[in-house]
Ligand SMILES: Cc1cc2nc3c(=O)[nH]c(=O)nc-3n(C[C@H](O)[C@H](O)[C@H](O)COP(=O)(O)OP(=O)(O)OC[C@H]3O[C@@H](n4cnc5c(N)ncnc54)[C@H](O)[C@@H]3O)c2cc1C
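In structure tokens, one chain follows: the form predicted on its own.
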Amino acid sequence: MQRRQFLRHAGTMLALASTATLAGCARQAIVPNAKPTVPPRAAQLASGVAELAPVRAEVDRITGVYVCTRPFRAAGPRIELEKFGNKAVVHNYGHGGSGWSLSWGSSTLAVRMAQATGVRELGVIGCGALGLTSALLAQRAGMSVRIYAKALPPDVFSMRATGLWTPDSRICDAQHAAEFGDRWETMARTSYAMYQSMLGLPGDPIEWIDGYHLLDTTQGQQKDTVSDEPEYGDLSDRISDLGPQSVTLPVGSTPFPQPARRFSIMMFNITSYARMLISDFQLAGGKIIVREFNHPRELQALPEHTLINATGYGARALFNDESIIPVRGQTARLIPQPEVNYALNARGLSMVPRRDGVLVQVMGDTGNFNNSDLTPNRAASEAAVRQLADIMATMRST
């Protein structure tokens, strides 16, 4: 999901981003009796003026309002082995708002722990971001894998994420950041490398996009909002060498009337990405069994002796882990607009141009920490869409 922390660090590579098409304003020589020529790409980029298609931000284009609970743990994700009767359970949950972003690195650690038990057959509990990547990595390590889950995509919380590369979003609190930093960096770099290998695949499950953070020029009129969330750990400096850097743009170089910062970041087109992961798992012989567990003792009936627990927020109830704090998040999804290929980040609002719908989210609102209510607040999403419409109304045409 989008994050208030993201806004606070908008000048880093972890800020919002999108694929902006830059227009060419370079003059062309007029050759008599010759067909007009298209300026080369280099000339278009040299102009420094961005051509951005406006978002059709209308409430009657909302296709759905989605709510999820991000599983935050103050000390960071739980990745450790625990014995339950005759079962070895490797926990892999509690990634806050960084589940997709850290999934490959976190699951690499979990699969290594599972391998250390010496088994050749593995059970994975959960079919979200962490469950799917754990299962695929275990297969690639030569293990036979079954996934057990009460819900499958698209009916899992992972599918309701915003879909941006945000590896330190609500990953731990500031108090635990130093001791967790080394493990986090390993997971982030491992995941980043895996995602780079997926660029250009059919359906664009992973792609780089550019985005625009509109700078607020009315600081004197801002009202300070008291946060009801803890101070989260900021680990972004550890991977500042990954990816492009942000650039401040002057007024006139974008269609917006205020100055902006342009960012670049990876975006997950979660619908096609999750479908690809499931397909790869099944083509490699993996089996998926729909089953719900209400108590750890029910795991004893499974044929596998080693299990990876990737149940996310569900681990709070299944394993009575009260260290997991739900952080509520809500997005509205608009009808897809392929021509909108940039993300937008303004005060209190973000927009992400996913292929399965343009996501609009309120930023910096309170009342979400330790809130497990999954009831959509449509009025809040409609207000966000109207705010986006106001921004679109200020764009000059190109």
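Heads up: residue numbers just count along the shown sequence, starting at 1. All figures in this text were calculated on a predicted structure; none of them were measured in a lab.
Note that the form predicted in complex with the ligand isn't included here; everything after this is about it.
Within 2.4 Å of backbone or C-beta atoms of the shown chain, at least 3 atoms of the ligand land once it is superimposed from its position in the model of the complex; the pocket counts as blocked. Residues placing heavy atoms within 4.5 Å of the ligand in the model of the complex fall in a single listed stretch, namely 162-170, out of 162-170, 113-121, 201-209, 235-243. Put simply, L130 is close to the ligand in the model of the complex: some heavy atom of it is within 4.5 Å. Although the partner is absent here, P71 is a contact residue: one of its heavy atoms lies within 4.5 angstroms of the ligand in the model of the complex. Contact annotation: E80 falls outside 4.5 Å of the ligand in the model of the complex, judged by heavy atom distances. Heavy atoms of A188 never reach within 4.5 Å of the ligand in the model of the complex, leaving it off the interface.
At a distance of at most 4.5 angstroms from the ligand in the model of the complex, all three residues G97, W100 and A310 contribute at least one non-hydrogen atom.
A heavy atom within 4.5 Å of the ligand in the model of the complex is found for one listed residue only; from D228, E292, E231, D182, this is E292. Only one of L318, L214, L302, A88 lies close to the ligand in the model of the complex, with a heavy atom inside 4.5 Å, and it is L318.
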